[in-house]
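Before any questions on binding or motion, here is one chain by itself as structure tokens, the form predicted alone.
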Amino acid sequence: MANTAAVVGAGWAGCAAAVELAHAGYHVTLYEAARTLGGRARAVDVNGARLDNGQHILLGAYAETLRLMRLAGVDRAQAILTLPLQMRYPPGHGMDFVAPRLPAPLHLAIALLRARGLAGADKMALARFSTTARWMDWTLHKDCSVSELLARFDQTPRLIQLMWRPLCLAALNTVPERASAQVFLHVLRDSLGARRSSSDMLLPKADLTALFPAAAGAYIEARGGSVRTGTKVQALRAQQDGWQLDASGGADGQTQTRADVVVLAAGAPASAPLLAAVGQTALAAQLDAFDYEPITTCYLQYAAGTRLDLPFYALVDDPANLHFGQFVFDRGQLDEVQSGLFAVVISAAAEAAAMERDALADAIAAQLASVLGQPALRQPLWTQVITEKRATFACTPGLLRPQVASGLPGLAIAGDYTASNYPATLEAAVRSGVAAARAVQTRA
């Protein structure tokens, strides 16, 4: 008889753990309190459109994410648009940096030589940063803020504004003044410092639930497991030969089920009380101690056929002048059904999220009309502002993150907040889920 596993939480970490356990032969039950799989990276239905609760960019370096997507049967070519590394702003409003498809590090050298919008001093500073970081093996003796690191490397104000600040915000969802330089260097090591394909930028064509979580659910069910949405696990109870889970909601109402092993992947705020109840108070306190950063995505629907010249542009954020957008994506170039739909992303979005939604959407429409030189963008047909208030933990210097091992046999935790070289990205979540699945298999 196959071993049984319960995974609590069907975000990307939970889905990764569930797929890994199902692949290892476990009968998996995946619990999700919401009705939609994906956690903080999921699809939502708005105005008759299938949107995401936040626009994402993946990287070619996301090896575990891409592996599990393949395992779950996702066709990468159909689900993802692959672009070379680039940082491109609307003409006249920044820089234009595109890496050619050449072997590393030649692709970066050519991109730097060809880059427009950067002065000679900016290019020299970027080359100096890359060379020194490689020499340091992308490692600091003592962590500091990204801003301190950039000052130490004599980076120019323009390069910070157009390259390092937006990359830090996009990767760590924390402003450079507060963000961990060591984690930032790890991201750069695995993208800029690795083979050329690792630096590719991957734009989802499918919605975030379809991109992996839905396929993960189908994979689990095809192997004899089950997916229980709308079901909240309220308590865990250790037993001599496994774990009992008390759950409520969904089609089954109140239930008590048993599992040989459990992966707790419900997010730090929801996981902490479950851990405290089984005696892991120190671990629960560590999970309760995280600070969080929001991400806001503003969708603007224009007439079908309205397009950008590129699938996405970087934007200079200038909140003092109500320019909050940091990236704009043309969703119609990713999915023709979404023709005329733009998604504007604001990372570390506390200031923007504090605004009234209609006022923020109006400011973003004005920003697009101005920097893209298209006055018609000032008047979208409709807008939708979605803020994920606890999108990621604040990735600050020296932050201690818990291991996946809970300290109890057959129980592990998973989430992008667990110990990792990466910030709170989809890849960090997936890696954590895989590590937790492997950890609980050692119970016997």
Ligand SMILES: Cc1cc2nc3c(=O)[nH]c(=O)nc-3n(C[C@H](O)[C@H](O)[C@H](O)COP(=O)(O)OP(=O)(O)OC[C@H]3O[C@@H](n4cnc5c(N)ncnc54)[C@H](O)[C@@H]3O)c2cc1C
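One rule holds for the numbers: they count along the sequence shown, beginning at 1. As the structure is a prediction and not an experimental result, all values here were calculated from the model.
Unshown form predicted together with the ligand; subsequent notes refer to it.
Heavy atoms within 4.5 Å of the ligand in the model of the complex belong, among the stretches 375 to 383, 27 to 35, 402 to 410, 43 to 51, to residues of 27 to 35. Among the residues L315, A348, V183, A266, the one placing a heavy atom within 4.5 Å of the ligand in the model of the complex is A266. When contacts are defined as a non-hydrogen atom within 4.5 Å, all of Y62, T231 and I295 contact the ligand in the model of the complex. For A270, a non-hydrogen atom is located within 4.5 Å of the ligand in the model of the complex, even though that partner is not displayed. The ligand is not shown here, and in the model of the complex it never comes within 4.5 Å of any heavy atom of M69.
The ligand is not drawn, but in the model of the complex it has no heavy atom within 4.5 Å of A419. Proximity of A13 to the ligand in the model of the complex: non-hydrogen atoms within 4.5 Å are present. Residues of 383 to 404 placing a heavy atom within 4.5 Å of the ligand in the model of the complex, in sequence order: E388, A391, T392.
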